[in-house]
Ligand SMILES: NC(=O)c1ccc[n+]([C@@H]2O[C@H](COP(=O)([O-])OP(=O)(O)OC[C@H]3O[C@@H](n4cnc5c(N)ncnc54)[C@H](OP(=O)(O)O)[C@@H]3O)[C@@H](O)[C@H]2O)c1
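Here we start with a single chain on its own, the form predicted on its own, put down as structure tokens.
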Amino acid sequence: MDLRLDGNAALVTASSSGLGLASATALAREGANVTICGRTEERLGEAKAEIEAVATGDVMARQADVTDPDDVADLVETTVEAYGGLDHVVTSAGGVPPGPFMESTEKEWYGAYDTLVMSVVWTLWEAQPHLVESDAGTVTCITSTSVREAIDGLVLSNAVRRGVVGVVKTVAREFAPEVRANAVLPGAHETARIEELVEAALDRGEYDSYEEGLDDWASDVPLGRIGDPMELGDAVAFLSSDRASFVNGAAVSVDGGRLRS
């Protein structure tokens, strides 16, 4: 299916690895000019090269911290200057510390809010004037299935990520009809984040091996496996395209059918 994204300008935050990288890769493969960002210059260079191997559009890498509103403003401005506008924004963010409620700290709560919610708010504040000028403006926010069903040992993600869905539901009405806004709710995908969570559970004595941890993450998935990050990326590219032109305000789970809600 041709998603007709040739020449569109896209910004994907926190995209030097994981699901952000997969989303940027999918958009670039469909012909969009894509800006990626991350905090580590070396990892950014590797990500840029990985995307360029399949891209049919331009790829720009910028070092930025999405919890710094000045960095976010510069990121949007640079993208608009480079590509002559902005058509698509995909928000992603790094993971927040795992752990149960009583072991979480006040500092972790405030940090999680900046990482998961305010990074989206700052990005949309800066991007909205440009998106409404586009003929194809879209926002897609990567969150988690934890916004619908809490995941054991992830209190920060369970609680804070729900704010992103509230933002999406609101701007889907306020930015319309010029801009569509949706969220994707990924389940377990084979990323560094899953590795981190499994290793943390190993340290807590919940698993005897890393392989046992991966099997546990897949145990309640009807498809019998965790996802490939590009499966999420392809969903993001579709939602960004006019093939999804009547999809607005949706929270789409990409989880192999694990959610029962």
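Keep in mind the model is a prediction, meaning the values are calculated, not measured. Heads up: residue numbers just count along the shown sequence, starting at 1.
Beyond the structure shown, there is the form predicted together with the named molecule, which is absent from this document and is the topic of what follows.
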>> Please identify the residue among S144, T138, T79, T123 with any heavy atom within 4.5 Å of the named molecule in the predicted complex.
In response: S144
> Picking from 26-34, 52-60, 188-196, 202-210, which part of the chain touches the named molecule in the predicted complex when contact means heavy atoms within 4.5 Å?
Replying inline: 188-196
> Non-hydrogen atoms within 4.5 angstroms of the named molecule in the predicted complex: do A64, T67 and G95 all have one?
Replying inline: yes
> So, in the predicted complex, is L116 in contact with the named molecule at a 4.5 angstroms heavy atom limit?
Replying inline: yes
> Is there a non-hydrogen atom of R225 within 4.5 angstroms of a non-hydrogen atom of the named molecule in the predicted complex?
Replying inline: no
> Looking at the partner-bound form in the predicted complex, is R161 within 4.5 Å of the named molecule by any heavy atom?
Replying inline: yes
>> Considering non-hydrogen atoms and a 4.5 Å limit, does the named molecule approach S16 in the predicted complex?
In response: yes
